[in-house]
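Starting off, we have a lone chain in the form predicted on its own, written out as structure tokens.
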């Protein structure tokens, strides 16, 4: 793991995302967006990472991430996703969902579309709608799906003023995050430890499948789908545990992995190298999980010093009968064969690490310590 660069930005960062690289292009990640929270004024900002690590003539680092442009955001930024190369979708604690457009010619951001009351509470005692935070957004051009504290799911289309579909009472508890399984199907996680799969081809307000952690109803805060194997899903929750699920099998996780000491805020499979997974937590840690099966080579890495690594695996189901080569390394169940190496990526514990994103060899994360960390050499 090479140098990780910190920049202090005078605002607490709630979300951070790389701008996608055009399909088929050979360029690496260069631009990322951040959203802030819990500040007097919150912003959605775009940054460029330039040439990190080259020393300029004054002895300073060239290419420390530079602010390209920013725009005020009403309320806390609860989630942030790139819709395409130019557009960014932001979810607000006010219940509003905004699409911002980046103008590269003059480096500005403008509002291109807005759904001001995407999420709201109604009920006895509240004569009018009161806003409910929009907690999660996922995009699959031209569609945008949002979830909220009101238990509502909205399906929007870019350039449509109204929601294409709304599932009003999708959940009686708070929905914390959402991801696409495949185009018409989404998966949500909620505050009582449930995963629910929804199929937009079906009418009605019922999920097509419910999975849950047995016993304690531990709130789940984050979810990510394996980029190549759409049935493999990772979640993280209030107890800091990492759960790996196979949505084709049963209703319980395949593996529970002891992870952080406090809430896990985000989990991400590496989009092109999914044997690698990344998590961040309220406890101030940022972890790289390596489940690639090449253990001998891995233990030589382990001996290189300076890496804080542990091996652990705990499986709660047996799938030995499934053809081994078809199983994702995250679903294999022999703890001796399939040890997972965990590396801590931040030099020291900080305040909560709220968000991370990975693209190619690049990683970015944002913290409550008002710092953004970037590395361009994840696998070196």
Partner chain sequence: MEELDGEPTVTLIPGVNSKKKQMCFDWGPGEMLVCETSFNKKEKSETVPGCPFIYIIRKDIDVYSQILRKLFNESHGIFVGLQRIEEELTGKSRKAQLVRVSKNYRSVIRACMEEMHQAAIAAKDPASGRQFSSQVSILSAMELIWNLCEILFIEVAPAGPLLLHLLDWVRLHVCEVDSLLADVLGSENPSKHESFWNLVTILVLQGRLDEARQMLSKEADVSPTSAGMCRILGDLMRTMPVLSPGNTQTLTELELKWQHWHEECERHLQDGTFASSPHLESLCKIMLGDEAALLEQKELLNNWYHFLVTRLLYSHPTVKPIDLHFYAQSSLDLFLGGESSPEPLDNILMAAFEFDIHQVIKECSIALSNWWFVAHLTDLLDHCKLLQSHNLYFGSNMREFLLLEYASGLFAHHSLWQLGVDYFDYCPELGRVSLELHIERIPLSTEQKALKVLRICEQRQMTEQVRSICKILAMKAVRNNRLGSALSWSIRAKDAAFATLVSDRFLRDYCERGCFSDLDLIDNLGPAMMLSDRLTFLGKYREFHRFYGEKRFFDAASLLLSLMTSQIAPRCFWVTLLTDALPLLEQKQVIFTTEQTYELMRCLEDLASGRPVRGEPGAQRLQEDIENTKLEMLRLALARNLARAIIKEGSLEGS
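Nothing here was measured: the structure is a model prediction, and the numbers come from that model. Numbering follows the first chain given and starts at 1.
This next part talks about the form predicted together with the partner chain, which is not shown.
Participant: So, residue 21 and the partner chain: in the predicted complex, are they within 4.5 Å at any heavy atom pair?
Facilitator: The answer is no: residue 21 has no heavy atom within 4.5 Å of the partner chain.
Participant: May I ask you to state whether residue 277 is within 4.5 Å of the partner chain in the predicted complex, using heavy atom distances?
Facilitator: No, residue 277 sits far enough from the partner chain in the predicted complex that none of its heavy atoms falls within 4.5 Å.
Participant: Can you work out whether residue 147 and the partner chain are in contact in the predicted complex, taking contact to mean some heavy atom pair no more than 4.5 Å apart?
Facilitator: Residue 147 lies outside the contact set for the partner chain.
Participant: Would residue 176 show up as a contact with the partner chain in the predicted complex if we use heavy atoms at 4.5 Å?
Facilitator: Close contact exists here: in the predicted complex, residue 176 approaches the partner chain to within 4.5 Å, heavy atoms only.
Participant: Indicate whether the candidate residues 181, 199 and 228 are all in contact with the partner chain in the predicted complex, with contact defined as any heavy atom within 4.5 Å.
Facilitator: Not a single listed residue reaches the partner chain in the predicted complex, so no.
Participant: Can you pick the stretch from 111-119, 186-194, 245-253, 157-165 whose heavy atoms fall within 4.5 Å of the partner chain in the predicted complex?
Facilitator: The contacting stretch here is 186-194.
Participant: Looking at 234, 78, 97, 153, which has any heavy atom no more than 4.5 Å from the partner chain in the predicted complex?
Facilitator: Among 234, 78, 97, 153, a heavy atom within 4.5 Å of the partner chain in the predicted complex occurs only for 78.
Participant: For 347-370: residues with a non-hydrogen atom within 4.5 angstroms of the partner chain in the predicted complex?
Facilitator: 349, 351, 352, 354, 368, 369, 370, in sequence order.
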